[in-house]
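The form predicted alone is given below as one chain in structure tokens.
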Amino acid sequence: MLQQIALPALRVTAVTLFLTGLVYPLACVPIAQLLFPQRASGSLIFDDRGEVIGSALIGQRFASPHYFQGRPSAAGTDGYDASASSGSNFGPTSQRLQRRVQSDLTRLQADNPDQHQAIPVELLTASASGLDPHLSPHATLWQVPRVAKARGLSEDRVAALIAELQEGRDLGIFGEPRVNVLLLNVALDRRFGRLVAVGP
């Protein structure tokens, strides 16, 4: 009786694993490479020398005042670790979370002395993945005085670049307008000159 149940179940399991674990991925990869080559390859971003500087899908740290900074990250030990995507899972009463937010608040205030508006909350809070590559237009525009001053540009020119790169809602209804921080920083260098290396 056990053989009559177990053997068919094992055969079905083996066939299912073969089809969904091997045949299906091997069939999908070339189709994706053909239809969506950029996305299927990881949405990699290259600099003018052809070197990979990141992915449009993964946030990274930018510390220089010449660049826009993304959301904080709790992914990995030092943040922005694509192999350890996660949030901190700290609750609002967590002392560690409060210390981290206070530290970021102090840093943002010190780094943006010409900005007197309230700091957008997304510049203080990590996303669930810790790797969100986007900011809202508001959080990006909040950083314009610092970036414009560091680069010797007018705020209007920097804000105009943000407007050019702003992404709308998916299919016109899903999500919110957003700006990809890495693409914005790359565009800054290409439009106004490379001042320092893109990255940390």
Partner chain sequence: MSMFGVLQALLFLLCITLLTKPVGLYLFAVYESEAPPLASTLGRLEQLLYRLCGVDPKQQQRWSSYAQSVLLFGLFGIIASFVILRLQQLLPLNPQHMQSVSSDLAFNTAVSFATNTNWQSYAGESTLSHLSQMAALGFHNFTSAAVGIGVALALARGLTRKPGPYGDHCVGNLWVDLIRSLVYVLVPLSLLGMLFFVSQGMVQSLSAPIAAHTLDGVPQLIPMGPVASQEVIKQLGTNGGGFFNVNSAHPFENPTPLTNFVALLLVFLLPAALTYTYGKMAGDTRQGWALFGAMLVLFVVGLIATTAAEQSPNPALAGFPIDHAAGNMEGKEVRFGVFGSALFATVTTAASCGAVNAMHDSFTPLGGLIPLVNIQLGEVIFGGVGSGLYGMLIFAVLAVFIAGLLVGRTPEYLGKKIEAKEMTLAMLYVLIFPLVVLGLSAWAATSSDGLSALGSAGPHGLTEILYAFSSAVGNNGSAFAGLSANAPFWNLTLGVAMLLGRYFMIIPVLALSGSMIGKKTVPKGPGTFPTGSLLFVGLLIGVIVILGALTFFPALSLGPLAEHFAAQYGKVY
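Positions refer to the first chain, counted from 1. For clarity, every value in this text was computed on a predicted model and none was experimentally measured. In this text, the rigid core denotes the largest set of C-alpha atoms whose superposition between the two forms falls within 1.5 Å.
Just so it is clear, the following notes concern the form predicted together with the partner chain, a form of the same protein that is not shown.
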item: Single option in 159, 165, 57, 148 placed near the partner chain in the predicted complex, where near means a heavy atom within 4.5 Å; value: 57
item: In the predicted complex, residue 144 touching the partner chain (heavy atom, 4.5 Å); value: no
item: Non-hydrogen atom contact residue 77 with the partner chain in the predicted complex at 4.5 angstroms; value: no
item: Heavy atom of residue 170 within 4.5 Å of the partner chain in the predicted complex; value: yes
item: Touches the partner chain in the predicted complex: residue 51 (any heavy atom, 4.5 Å); value: yes
item: Contact set, 74-104 vs the partner chain in the predicted complex - heavy atom within 4.5 angstroms; value: 80, 82, 83, 84, 85, 86, 87, 88, 89, 90, 91, 92, 93, 94, 95, 96, 97, 98, 100, 101, 102
item: Residue shift check between the shown form and the other one, rigid core fit, residue 15 Cα at least 2 Å; value: yes
